[in-house]
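Heads up, what comes next is one protein chain in two forms, each shown on its own as C-alpha cells, labelled structure 1 and structure 2.
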Structure 1
Amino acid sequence: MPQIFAYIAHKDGAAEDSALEMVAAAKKIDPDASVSAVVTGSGADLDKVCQDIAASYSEVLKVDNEVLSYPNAEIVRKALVNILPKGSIVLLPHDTFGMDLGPGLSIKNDSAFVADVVGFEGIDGNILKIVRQEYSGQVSTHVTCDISAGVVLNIRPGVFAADESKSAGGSVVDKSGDAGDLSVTRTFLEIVEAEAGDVDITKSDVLVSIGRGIEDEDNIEIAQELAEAMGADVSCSRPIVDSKWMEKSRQVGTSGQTVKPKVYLAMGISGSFQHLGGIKGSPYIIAVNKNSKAPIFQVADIGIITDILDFIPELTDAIKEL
C-alpha cells in the first residue's frame, strides 16, 4: 500500500477544516493507514499549525521558507515533488488552490490524478475505486484508478466528516532543506479583502440561506421574516447575487463567503460543490427543496422535499407560536 500524504491548507496560524477531513478520507482508503501531513509556510504561524495537527497525523513534514508565506501553487508543487516519495497517494483539498496545485503535481510525479472526490469504494491491489460527481451533483460516477505509480486526489471539502480523534501523536520533521530550488515565475502581490456588508454572515450562528427556489426578488421577504423569528441572518447562493437580488457579502460559497454556523437552513438551494465549499465547521444542515435528487440532500441532516414558498411561511408561524 503506497504511503498517504495530505497537504494542509492554513491561514493565520490555524489549519483549515479540510485538515481533519482528509484524515477521514485517508482512512476510507485504508483504515490502517499511517497518514502523514505536509505543511508549507513561514515563521511562527507555520510552527503553530504543525504542532496543532501533529495530534491527528503520524508525521508532519514542515517546509519553512519565506517565499511560502503566501500559498503559491507553483512553489508548493516544486517542494512537494522534492520531499514526497515517488508512488505516494497525495490528498489535496478540492478548492481553488488545490485545483491549481493538483494536476501539475500529478504530471511532475508521473502519477494519476482524480479531481473532486466525494467517496471511496475500497481498494483491490493497485486499483482504487473512487466516487465523483458530475452535472452539479446530479450524477455519481464510479472511477477505477491504477495507483501503482501513485495518485493525486483532490478531496471535496465537507463530504468527509472531520476525524476529531486526535490520537496519532505524530512528530514534526523539518524538510525545509530538502525542498530544493523554490524560485518562481509568478509573484504574489497582495490580498484584497472583500468589502464588508451590512451583516457579517461569517460570524452568524444560524443562517437562513436562499437559492433559486425563492423564484422572485419579492419573495426574499418571507426568508427575512423567518430569519427574524429565529434570530438568524439571511444568506444566499450565487444565482441570487448574479440576479442582483442580494449583495455579494451575503453569498455563501467558494466565490463568496466562508461561513461556520451552528445551524444552516438551505432553502431552495441545489447544493453544488462550489456552494458547499463555503460551509465549514460541520453545521446542522436542514435542506428544503422540491427536487428530491438535489445534491444538498446528500449532506443534509434533515431533508424536506417541498416548495419553500409554502414551507417557509408555515415554519415562521410555528416558530412565532413557540
Structure 2
Amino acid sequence: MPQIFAYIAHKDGAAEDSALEMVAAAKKIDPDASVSAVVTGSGADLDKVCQDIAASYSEVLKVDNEVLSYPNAEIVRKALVNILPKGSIVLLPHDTFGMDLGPGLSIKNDSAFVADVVGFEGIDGNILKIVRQEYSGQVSTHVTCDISAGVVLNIRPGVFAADESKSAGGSVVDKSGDAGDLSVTRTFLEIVEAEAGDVDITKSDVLVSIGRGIEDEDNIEIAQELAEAMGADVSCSRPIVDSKWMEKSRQVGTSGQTVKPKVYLAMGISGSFQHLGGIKGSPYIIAVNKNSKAPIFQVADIGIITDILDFIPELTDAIKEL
C-alpha cells in the first residue's frame, strides 16, 4: 500500500474544511492507513496550521518559503514533486486550487489522476475502485485506477464527513530544505474581489432562484414577479450570469455567493455540486424541474415535476390572491 499524503489548504492561519474531510477520505481508501499531511506557506500562519492539524495526521510535512505565502499551484507543484516519495497517493480538494494543481502534478509524478472523487469502493492489489459522477450529477460511474505508480486524487469538497477524532498525535517535520528550485513562469499579482450588487442575497430569508431552465432573458420577469409576491429576492445559477442576464452578485454557488436562507426555491436548476456548495444552513428547499431525474431532487425537501414557465406565473397568481 503506497503512502497517503493530503495537501492542506489554509488561509489566515486556519486549515480549510477539506483538511479533515481528506482524513476521512484516506480512511475510506485504507482504514489502517497512517496519513501524512503536506502544508506549504510561510511564517507564523503556517506554523499555526501545522500545529492544529498534527492532531489529525500522523505526520505533517511543512514547507516554509516566502514564495509560497500565496498558494500558486505552479510553485506548490514543484515543491510536492521534490518532497513526496515516488508512487505516493496524493489527495487534493477538487476546488479551483486543486483543479489548477492536480492534473499537472500527476504528469510530473508520472502517476494516475482521478478528478472529483465522491466515493471509494475498496482496493484490490494495485487497483483502486472509485465512484464519480458525470453530467452534473445526473449519472454516476465506477472507475478503476491503476495506482502502481501512485495517483493524484481530487476529492469533491463536502462529501466525506470530516474526521473529528483528532487522535493521530502527529509530529511536524520541516521539509523546507528539500523543496528545491521554486522559480516560476507564472507570477501571482493580486486578488480582485467580486463586486457587490444592488441586493445582498446572503442576507435574504427567502430566495427564488432560477437556472438555465428559465430559457430566455425575457422570462426572468416571471421570477421577479413571484419574488415580489412572496417578499423574496431573486438569485440564480451560474449560466444565468454567464449569459449576462443577471449580475454576478446574484449567483449562488462556490464561485458566487454563499447564501443561508430559510426557504430556497430552485427553479429550473439541475443541482450541480458547485451550485449546492453555495447553499448553507439547511434551508427548506423546493425544487421545480421538468426532469424527474434532476439531481436537485435528491437534496430538496419538496419536489415538483413541471415546466417552470407555466408553473411560476400560476403560483404568483395564487399567492397574490391570498
Partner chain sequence: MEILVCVKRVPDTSENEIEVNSSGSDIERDDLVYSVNEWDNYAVEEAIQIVENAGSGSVTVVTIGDDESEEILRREMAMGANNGLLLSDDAFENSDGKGIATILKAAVDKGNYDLILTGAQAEGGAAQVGGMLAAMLDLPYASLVNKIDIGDSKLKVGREIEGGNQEMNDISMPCVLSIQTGINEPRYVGIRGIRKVASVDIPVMSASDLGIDASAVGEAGAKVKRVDYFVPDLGDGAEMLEGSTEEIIGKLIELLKANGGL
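By convention here, residues take numbers in order along the sequence of structure 1, the first being 1. What you see is a predicted model; the values in this text were computed from it and never measured. Just so we're on the same page, rigid core means the largest C-alpha set that superposes within 1.5 Å between forms.
Novice: Name the structure that matches the description of the form predicted on its own.
Specialist: Structure 1.
Novice: Fitting the rigid core first, would the Cα of residue 174 be found 2 Å or more away between structures 1 and 2?
Specialist: It does not, since the residue 174 C-alpha is displaced less than 2 Å between structures 1 and 2 after the core fit.
Novice: Classify residue 268 as shifted (yes) or not shifted (no) between structures 1 and 2, where shifted means its C-alpha moves by 2 Å or more with the rigid core superposed.
Specialist: Yes: residue 268 shifts by at least 2 Å between structures 1 and 2.
Novice: For residue 28, state whether the C-alpha moves by 2 Å or more between structures 1 and 2 after rigid core superposition.
Specialist: No; that C-alpha moves by less than 2 Å between structures 1 and 2.
Novice: Report, to one decimal in Å, how far the Cα of residue 289 moves between structures 1 and 2 once the rigid core is superposed.
Specialist: That residue's C-alpha is offset by 7.6 Å.
Novice: If you line up the core, how far does the Cα of residue 215 move between structures 1 and 2, in Å?
Specialist: The alpha-carbon displacement, core-superposed, is 10.3 Å.
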